[in-house]
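Just one chain follows, in the form predicted on its own, and it is written as structure tokens.
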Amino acid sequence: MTTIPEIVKILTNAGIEPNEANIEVKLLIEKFAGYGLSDIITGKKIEPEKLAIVEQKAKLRAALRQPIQYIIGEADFMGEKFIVTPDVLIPRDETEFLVRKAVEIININNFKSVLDMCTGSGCIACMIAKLTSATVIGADISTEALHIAFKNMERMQLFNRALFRKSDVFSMIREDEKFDVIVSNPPYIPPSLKKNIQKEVTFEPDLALYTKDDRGLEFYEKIIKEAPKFLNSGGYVLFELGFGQSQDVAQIFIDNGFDDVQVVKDLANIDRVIFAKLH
């Protein structure tokens, strides 16, 4: 019978770092063998047929380099498990900086209405709804993504707090709908970088990753230009940033009547979040 260290070796032999491989095998065991911390403590053995499924999934991960989150159908984000499929981006730790800053602004100002543009899995909309008293509308052009977002809302029981709507940017947002905050983790990778992207990222939806312009600014421009029509006075727009884009996005804000432009750096000291206020 295959052992757990042998399954870890399947992943490390495929070039996955040992620490990452151990974490991924643990996730596979939890998901496909139903084997958790209490089983480890009590010394319960994993059933051979379940371990065989874990081995099969590890081989799939090694052969295809499909992200582990798509294989198990879940991703951890800010202490919650979100349903993910290849129709949505996998929530990343960096996006937590965007959510935390949005939550801080919403709670300080007692804001009540938020629009999450390019919502994808709904992880941003759901976490803002959970951590504030605001109602959040998540908008996305992808019907498949919205199905996943709705399932995540149901799982977190955020009924009437996180709502979802199909919309190509602001196309289905009514002009009489006004928001205190517009937040977005938009597509920001220029198409020229696609050829250098790591294998795991190729499984994620192009629609959520790449822009049509060669600077990755397409969605920042679209959202910022339209945002004043949909923002209450004193409202904010917040974005996650691609690498090296903070100065360009700051200028787009200034050109469209926003001020108090600020940037938040992530743990690697990279400009990760930008936000500005509409007076």
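Since the structure is predicted, the reported quantities are computational estimates derived from the model, not experimental observations. For every residue, the number given is its place in the sequence shown, counted from 1.
Heads up, the form predicted together with glutamine (GLN) isn't pictured, but that's what we're talking about next.
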Thinking of glutamine (GLN) in the model of the complex, which stretch from 98-106, 73-81, 204-212, 175-183 has heavy atoms inside 4.5 Å of it? 204-212
Using a 4.5 Å cut on heavy atoms, which of R92, H147, R165, K112 is close to glutamine (GLN) in the model of the complex? R92
Using a 4.5 Å cut on heavy atoms, which of A134, I137, I189, M153 is close to glutamine (GLN) in the model of the complex? I189
If you look in the model of the complex, which residues in 235-260 sit within 4.5 Å of glutamine (GLN) (heavy atoms)? E240
